[in-house]
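Taken one at a time, structure 1 and structure 2 that follow are two forms of one protein chain, written as structure tokens.
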Structure 1
């Protein structure tokens, strides 16, 4: 036990020196001591010793095979995961990939998830007033022409006719003039706008060009973010017993959403770890990997996996500043050992390339030593024993 001294002043006990505990754990000890009325030096000493004993007992022993244990810890419960898609956080309207497919997405570091989504938290009056929250919804959700009104074609006059819904325009805070201007900018046509009616057509009479204009019109995003097809708004209870509006989106454009007025950038998140990396950095991406894998396991009732094993996986994927997958195109394929790479996938290619380039395997890891039949350098396998013999002079010789 490291020597710990205490200052007792006005019934306040402070740990002055304790080099064995990390900073965050020390802060927890301080808070616990300050919260106890009438705490004595003996109480503080007993608490500090108990915390340090528990902390030292949870640390990994030297030469422990942490990678193998983590792989087993995550892989074994992974066999219990289903292939189903579950509703996200009780939001019945939005389906997101869960279970084994989601876990594979994460460790493969896929550029785009199968079902990208965001959880958008709001700030100030946007979080408490429904009208204000809807302002943010319309700034995020992609508004297409069919949401604003009806589209028809007049083949006789070779014109596309749009009849806009006045209530919808008012609700989504967009005018007929803005709609006409956006159509002109995107399609390169001249529009005729009268009230909520808009008409335009091809320069030369052509049935094919007319249909082409209609198809292109349907693809235009008049308001919101093109990648976000739908937003669901829910009123939820927060940890401090207050209620707020929270937005769930189908589709993801994390960087664009953070810039929208009313969005709380400190709490908003998405399930695309690459978008988080691009906008918030590698540390945030590491936290996202830990959070997503933990939530995926917890969703299946497998939340007893030690978070430190998930942290090790996240560390391996992010420790060089980029997100690497755990596979032959990432961590496993970039190992120093030729035999370790060959044992994972595409064996012949790895051995052939190693032979061409004259690579040498130092046999330092677990996999390669198992292959060649040598003791692995973990635990007692890393200890060399020597037997001494006694010479005629009585001295021991090695």
Structure 2
């Protein structure tokens, strides 16, 4: 018998050890009994039995096909998902892929979502003062030249002329000198800067080069993060009745945003599970997959899908420490059985490759047994029933 380190009497130990509980739960029961003054053996028995009932109730039945049940439970409401919707609950100005396309994108583990976005929470005074919040916005939103001033081309002198807007410069916390320097670094040209006027041109007078320079000038990001094309600022009510500013971005660069001053790195999230994986690790990615799939379903009024099914999907996708897609390139493609893989997608390729490599199918799984017409080893398919006789007292006959 296992050593019990808790201060309980032998009868209690006998009662608890008799239950079908795992070690940890038994220890928890002992700890509870130890803490209760004057708990009798009957109390102990009652407690242990109650815990046992709850414990057994939470367990999946042996040989229960949990994956199939999950697939059906997500698949059925999946038929009711919209084929294509483009809007986002809460922030009307930002378009976000929803419904079926989003769900497919998640389980396929696409490298970048169709419409990447971030929800940026702010800390301290940045969250409460609009001015401060705007400071963060300018550090995130990509600022292009057209936002800073006017660009014109002087064809006679072969010069590009920029006249910057002083107020905008001040608001976005960037100086004319900085703008000129960024242009020099990016385009490799000499600039002439005087006040808010900047001039430059191609080395050799060439009309084509001039236009080329203007094109390139438009693409330069002067401030902020290149991937983020737009930031929407919103005042939101928090659960504890306070109000704070929250930023929603079109485009995402999760790692960069976390470093920016004023950004609350403990609550900020994005909708790209790969970025979350890269910056916060596999466990956070698992959490994000559950959250995102759950929200996608909830958005369409299908939140009655049990979260355990989504958790199973997320667990499978993150099982090997990296995000794996569900499908031919991911989980289904790494199945052991040739027949199971062939039954999923690109049948001929799988069979051909298996034949070339002389693969052997052990017929352990579901699909392959359906194909060859054997009972599958799940549920009642994996137990043998034998006829037997019992005596009238209910005891097994010899």
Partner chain sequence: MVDVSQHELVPEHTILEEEVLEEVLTEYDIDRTDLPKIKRTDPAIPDDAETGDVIKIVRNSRTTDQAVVYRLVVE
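Positions refer to the first chain, counted from 1. Not measured: the values here are computed from a predicted model. Heads up, when I say rigid core I mean the largest set of C-alphas that superpose within 1.5 Å between the two forms.
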Only one of structures 1 and 2 is the form predicted together with its partner chain; identify it.
2
Two rigid parts rotate relative to each other between structures 1 and 2; which of 112, 60, 349, 143 lies at the hinge?
60
Whole-degree angle by which the smaller rigid part turns once the larger is superposed between structures 1 and 2:
37
Cα of residue 56, core superposed, displaced between structures 1 and 2 by (Å) 3.5
